Ligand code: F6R
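Just the one chain here, laid out as C-alpha cells, in the form predicted alone.
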Amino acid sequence: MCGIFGCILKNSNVAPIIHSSLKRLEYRGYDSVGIATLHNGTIHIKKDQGKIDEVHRIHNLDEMEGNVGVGHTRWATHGAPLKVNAHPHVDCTGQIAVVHNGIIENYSELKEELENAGHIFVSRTDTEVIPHLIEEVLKENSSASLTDAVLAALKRLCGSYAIAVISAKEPEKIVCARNESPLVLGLADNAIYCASDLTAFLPMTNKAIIVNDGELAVLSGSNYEIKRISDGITVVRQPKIIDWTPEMAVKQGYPHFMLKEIHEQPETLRNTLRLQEHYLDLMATFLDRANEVFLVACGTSYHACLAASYMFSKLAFLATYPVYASEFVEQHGKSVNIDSTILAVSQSGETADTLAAVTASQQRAATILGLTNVIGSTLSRVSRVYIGQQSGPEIGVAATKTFTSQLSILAQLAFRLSKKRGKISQDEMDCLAEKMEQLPQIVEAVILMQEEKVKALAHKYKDAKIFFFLGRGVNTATAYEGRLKLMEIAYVPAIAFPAGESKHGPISLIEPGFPVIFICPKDGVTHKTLIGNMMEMKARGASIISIIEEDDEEVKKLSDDYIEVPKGIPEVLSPIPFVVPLQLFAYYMALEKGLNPDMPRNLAKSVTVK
C-alpha cells in the first residue's frame, strides 16, 4: 500500500532522482513521504506528513547529498499519518535506515522483545522493528555484514514486506527484499534502482529484474545479487526489457490520470484482442474440466467477475460463483477441494485479500488461474495458468481501463469455453467475435460523442445527495461499478441493485427529483422489464437518467436525461461500452465538487494489506 524506491548513482546526488521517482509512485500512498541518503559515512533524512509536493516545499527534498539513498511514500496502516510515523525509520544508532511496504504481523511481540533488550522506539509503526532487529543482529555478531544481518532479521518477521535498507557502515550498498509485496530492480549504465513497481524508474531505464517472494537483493555500484532468504543461496536471474515507455506513465496532457486512462480504453481493448490464443485455450480447458469454478476478486475486479458469471452461464452453460475475496475463506474455504478451480482477478496481482483466498485454496489442492495486469506479480507466479490483461500502467486510483480490459478477456474466455463445449452455433460465435472486434471503435465513439453530454449531466446533478443505479442481468455488474466509481471519486452516496429488486425495499427512498440511473441495452428480454421498472420509479417522481442504445425512442420518452451508446451490441458484451459513460460521470462529478479524482481520500491503488 506504500511505495518504496532505492537508488545508487555513480557520480551524482541521488536525492533529486528519488524525489522524482517517488512522484511516480505517489498513487501507492500519499499521506507522508521521506528520503534518506548516505554521505560521508552519515545517514541524512528528510521526511514529513503530507503529499510529496507539500513536503518538498517545506524541506526541499532535492538538497540532500550522497550517491546512495532510499525513499518512501506512505499510506498509513500502523500509526497515524504523522511525521514521526513517516519512513524511513532508523535504529537506535541512526546508522541503519529502512523503508517498507507491507504489514509485519508479529511486530508487537518483536517490539516488546527489543524494548526489553534496551531499544528505544519513536514511532507507532510496525516498520520500526526492522531496523532495530538488524541493529540487534549486528550487535550480537560484529563480524556480520549488512546482508547477513538483514537475512537474519527477515527470518524473524511474519507478514508482508518489500523493504530497502541502507547502512552507514556499508555506504555503497542497498539491501532489499520482498515477501507478498511487489519489488523490482532496474539497471542503467551508471545507476541501479529498486522500487515497488516499474513506473518509478521507467524514465531512466527499461531493463528490469523481478524479485520474487522470499528473495533478497544486494545492490552495489551497478551490480546486483539475488539470494533466497530461506538459505542464502544465490539465484541467477537476467534482466528483461520492458516495452512500457515512460510516456505511458505520465498524463500526456490530460488534467488527471483517470481521464487519460478512460480515453485509453479503445487502445487497451485492442490490446486485449491481441492475446495469444494458446493461453485462452489453455485456461478454457481448465475451466471446462472443473467441477466448480469460483471467480474471486475485490472491488472493481469483483464487478468484472460478476459480469463474467453471466457470460459463462449464457454462452458456455457453465455455472460459476463470483465471490468477494475478503469473504472467500470464511464462506467457501472449507468446501474447496481438488476438484475446485479458482479464477482470481487482480489488476496488480498483489491484492492481499485475493492472494489470501488463493493461498487457502492452494492448501486444499484447488487449481489456481489468474488474470492480472502485472506480469511477474505474485498472482501471475502462483497461477497454474495466467493471462495478462494488457492494460499498461494504470496510475489513477479508480480502475477504469483495467475494468474494461478484464471484461474483454473474460468474455473471450467465455467464447472459447462455449466453442469447446459446443453450446452455441457457429453463426452466433461469428457474430459475437465480430462485435468483440468492434468494441474498441464503439468505446471510442462513446467517448468522442458523449463526453460533453456527460459533463453537462454532472453539472446538472452536482448537488444530488444520493443516486440509484439499476440494471438487469449482466448489467447488474455495470450498475454496481457505476455506483462504486461515483462513491470513491466524488464521495456521493449511491445504491445499486438488480432492477427487479428495487421494489423489494429500496423504492421506498424515491421522492420527487431523486436521480435514478438505468443501464438499459436494447438486446435481450431485459429491455421490456427495465421499462416497467422505469415506470415504477417515474410514477414516484424520480429523475430518470438512462444509458441507452442509439434510437431507443421508447426509453428516451421515459427519461429526463439519457446518454446514447452505438446500437447493435449483444447484451453479453454490453457492460464494456455501457460502463464508460458512468466512469466519465463519476470523473466530472468529482471535478464539480472540486476534488482530485486521482487521489480519493482513504484509498490507494494497490491494496496489499488485508
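Because the structure is a prediction, the values reported are computed rather than measured. For every residue, the number given is its place in the sequence shown, counted from 1.
Only in words, not in the display: the form predicted in complex with fructose -6-phosphate (F6R), which the text now covers.
With fructose -6-phosphate (F6R) left out of view, the stretch that reaches within 4.5 Å of it through heavy atoms in the model of the complex is, among 179 to 187, 300 to 308, 142 to 150, 163 to 171, 300 to 308. Among residues of the shown chain, residue 470 is not one whose heavy atoms approach fructose -6-phosphate (F6R) to within 4.5 Å in the model of the complex. The shortest heavy atom separation between residue 347 and fructose -6-phosphate (F6R) in the model of the complex is within 4.5 Å. Among residues of the shown chain, residue 397 is one whose heavy atoms approach fructose -6-phosphate (F6R) to within 4.5 Å in the model of the complex.
Though the partner is left out of this view, residue 213 does not reach within 4.5 Å of fructose -6-phosphate (F6R) in the model of the complex, counting heavy atoms only. Of the candidates 478, 351, 404, 101, 351 is the one whose heavy atoms come within 4.5 Å of fructose -6-phosphate (F6R) in the model of the complex; the others do not. With the partner removed from view, the residue among 74, 132, 89, 485 that has a non-hydrogen atom within 4.5 Å of fructose -6-phosphate (F6R) in the model of the complex turns out to be 485.
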